[in-house]
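One chain comes next, on its own, written out as structure tokens in the form predicted alone.
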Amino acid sequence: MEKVILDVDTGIDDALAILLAAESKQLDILGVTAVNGNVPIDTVVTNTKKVLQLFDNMNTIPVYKGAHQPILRSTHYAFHVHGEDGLGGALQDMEVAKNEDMYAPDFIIEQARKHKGELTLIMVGPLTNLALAVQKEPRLSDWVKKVVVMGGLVSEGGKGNTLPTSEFNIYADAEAAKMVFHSGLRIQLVSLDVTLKAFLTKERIEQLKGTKYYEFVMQSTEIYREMARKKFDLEGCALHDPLTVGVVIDPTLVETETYYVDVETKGEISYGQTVCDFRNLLGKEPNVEICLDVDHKRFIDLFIETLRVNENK
């Protein structure tokens, strides 16, 4: 099985990504690292542990607390998308155990050193933890097999979800993203260009009836679906983070190509934009494998079928 670390800022789609990764039985999850993002870091840790306990009451997957703020800028949360608690009001009464003592960037370094050439990092939040790890251990780029990042927008300019050309995870700490993109790590970017096509409708959620996840998915995504209805006139919610996990489980879900990609950190209305040099105007070496298209129906089928594993149990 693929050895992975999940780096999350658990919100709603992070929670669904964690469940997909755990239930797939195709990933060896060495640990989950938490980063400030959709909600404050302590809420991220609590939410992550709740979701893992929903998966398995005897959960043995460790959770490591990471960065509590971006490298340079002030925090930027997404309560309007995920609710004040980050899970749309779901799992409020669940108690959680204490998290691990090791700092998340240190855990990433430790596991990369231990599993040289075997470790895939699945990053579905701001890239602060990884940037801090790279700062501390420059050899990380030689040790890590691959970094799969949910973030950015490369070919659908104007369709961002934070600024017109910027996606939340990159916008939340663009300086960290820029450091990671220039680190020499092998990066695959699963951007809004494809994640917006991975759309979960209420009708598909109904197919989870009879499983232990039905109520959680329906309740947690209600605020998410309502936001999409009001803002974009869409009925459902995009599975940004779950698709990123899905790409690790089944790389054939997406069509990709490698280009030079950089991150804007100075623009007033373009901060956090991921700029892809499709025509090689800058003459720089390609550094990021971007996703050009996705078999979204096959992915949604994979997501539903994976979470239905507990049907009638």
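Keep in mind it's a predicted model, so treat the numbers as computed, not measured. Just count from 1 along the sequence shown to find any residue number.
The same protein also exists as the form predicted together with a small molecule; that form is not shown, yet it is the one meant from here on.
Shown alone here, Ser183 lies farther than 4.5 Å from the small molecule in the predicted bound form, counting heavy atoms only. Contact check for Glu167: a heavy atom falls within 4.5 Å of the small molecule in the predicted bound form. Using a 4.5 angstroms threshold between heavy atoms, Asn99 stays clear of the small molecule in the predicted bound form. Using a 4.5 Å cutoff between non-hydrogen atoms, Asn161 counts as a contact of the small molecule in the predicted bound form. With respect to the small molecule in the predicted bound form, the three residues Leu52, Asp85 and Ser220 uniformly fall beyond 4.5 angstroms at the level of their nearest heavy atom.
Note on the partner interface in the predicted bound form: the residue among Leu130, Val124, Leu189, Val194 having a heavy atom within 4.5 angstroms of the small molecule is Val124.
Screening 136-144, 238-246, 199-207, 109-117 for residues having heavy atoms within 4.5 Å of the small molecule in the predicted bound form returns a single hit, 238-246.
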